[in-house]
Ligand SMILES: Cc1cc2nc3c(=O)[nH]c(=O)nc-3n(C[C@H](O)[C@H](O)[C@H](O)COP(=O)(O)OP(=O)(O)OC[C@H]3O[C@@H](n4cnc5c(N)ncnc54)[C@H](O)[C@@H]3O)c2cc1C
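Here's a solo chain for you in structure tokens, the form predicted on its own.
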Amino acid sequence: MARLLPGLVEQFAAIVGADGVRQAPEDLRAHVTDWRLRYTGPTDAVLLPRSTEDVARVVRLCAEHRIAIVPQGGNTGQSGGSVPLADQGPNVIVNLTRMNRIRALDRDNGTISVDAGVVLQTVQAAAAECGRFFPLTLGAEGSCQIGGNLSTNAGGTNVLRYGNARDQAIGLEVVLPDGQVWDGMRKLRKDNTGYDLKSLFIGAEGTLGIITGAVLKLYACPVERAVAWAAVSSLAAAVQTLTLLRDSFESRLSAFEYISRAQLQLVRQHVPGNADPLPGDYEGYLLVELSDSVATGALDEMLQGALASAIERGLLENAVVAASHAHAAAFWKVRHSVSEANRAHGMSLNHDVAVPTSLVPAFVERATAAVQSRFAQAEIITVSHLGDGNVHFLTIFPRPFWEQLESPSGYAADVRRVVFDVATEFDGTFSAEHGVGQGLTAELERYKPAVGLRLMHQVKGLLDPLGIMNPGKVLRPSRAGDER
């Protein structure tokens, strides 16, 4: 609007079409606030390109006039990386929703090439239609987009077997901050010709360029699954159970999730349609999934035997193997209802940390004691992708208490500091899968080793010397000397 130079909106419209420029307040609302309603910032326009060339022309125009660019996909991120800052200057949101083509599917090569705006669930369905499997699985898979998944290096529940989003990408296409297009859409499993440039952009949260296309790996379809819900007496016993199952099923173990008793209670309280998979008073629960691309008819029996062995050893207290697909889906529904339940219960601060799996029990014990000693109002909930050491350590506060705080953001920062300091003591990280965004830039400066932080600033300065690409995300504005 008034913050953009006269005639600039018309130039954008000439690139993306009049229907690809949104400025009405009702059209901007869904784009300027994140889905958790934590971050909101003003924008001058939302632009919806239809092609990589559209994106390149928009970026060149923004670079010419030094207009900040906020790349955006499904806007399902957890750290505010896809919405403008509250004090953002003139900026446009470049939303890739209309770039939703599946460009090619090569079954023999085991790859699918897509626009960045393709919804994750669409990729999964396209792979399934040709008898292949795309393993990235998230609670937001019906609305998140591939570009955002790669920009945040999304994790999810299949990381244990298949890895993060980074591990699923073979090639990328990226519009750089000066409007050049880097075409790295190679379908090669091996290419040892210098730096792995695509890795610069995966996990960079749109600060180094806009991912516009990707070549993704496809796998053999799991044709047999065994899913179990088990009761466990402690996190230490859960880790030992994981080791037992790895020894027996390493290549078949696709998910190993931990849910505390308090978390299950919140799901049942706030999200209708979730039954208790294993009635009884237990300390915590495991959701275990085995999968195989060869139908043996024995996977359920094998999992039952392993769980029985864990019970005999005193690691598990009870367990049930799903008797049908619907039964297994009910188990997973509980797991995927966690965020909704916590949001309904109170002001939830989700600390997305990771420590070595063997240290998860000690970390949770230490972090719980540290938080309880300083923040009496905090209700502590633990959910973990335990197989890869990722712990969602949640502190939930009553909304009336939270709303009367003089400085909620400062209070949240204090809570985070306590949890992250403990994670650091255990050789961990403050962000395992949610990214840094705009919410954790101070933490990056505090916990990232100085040499690593300096290298990040130097890469940013090299690729984006004008500082227009998602400014204020991941890295704070560079300090004197950072980019020399």
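Bear in mind the structure is a predicted one, so any value in this text is a computation, not a measurement. The first residue of the sequence shown is number 1, and the count goes up from there.
Heads up, the form predicted in complex with this ligand isn't pictured, but that's what we're talking about next.
Heavy atom to heavy atom, is E289 within 4.5 Å of this ligand in the predicted complex?
The answer is no: E289 has no heavy atom within 4.5 Å of this ligand.
State yes or no: in the predicted complex, is some non-hydrogen atom of V371 no more than 4.5 angstroms from a non-hydrogen atom of this ligand?
No, V371 is distant from the partner.
Using heavy atoms and a 4.5 Å limit, would one call W35 a contact residue for this ligand in the predicted complex?
Contact with this ligand, yes.
Would you classify L138 as touching this ligand in the predicted complex, given a 4.5 Å non-hydrogen atom cut-off?
Because a heavy atom of L138 falls inside 4.5 Å of this ligand in the predicted complex, the answer is yes.
Among 411-419, 43-51, 56-64, 426-434, which stretch has residues whose heavy atoms lie within 4.5 Å of this ligand in the predicted complex?
Residues of 426-434 come within 4.5 Å of the partner.
If you check N75, N342, T357, T111 against this ligand in the predicted complex, which one has a heavy atom within 4.5 Å?
By the 4.5 Å heavy-atom cutoff, the listed residue in contact is N75.
Since exactly one of V215, L242, A306, C144 fits, which has a heavy atom within 4.5 Å of this ligand in the predicted complex?
For this set of options, the contacting one is C144.
Heavy atom within 4.5 Å of this ligand in the predicted complex - qualifying residues of 116-136
If the 4.5 Å heavy-atom criterion is applied to this ligand in the predicted complex, 116-136 yields only A116.
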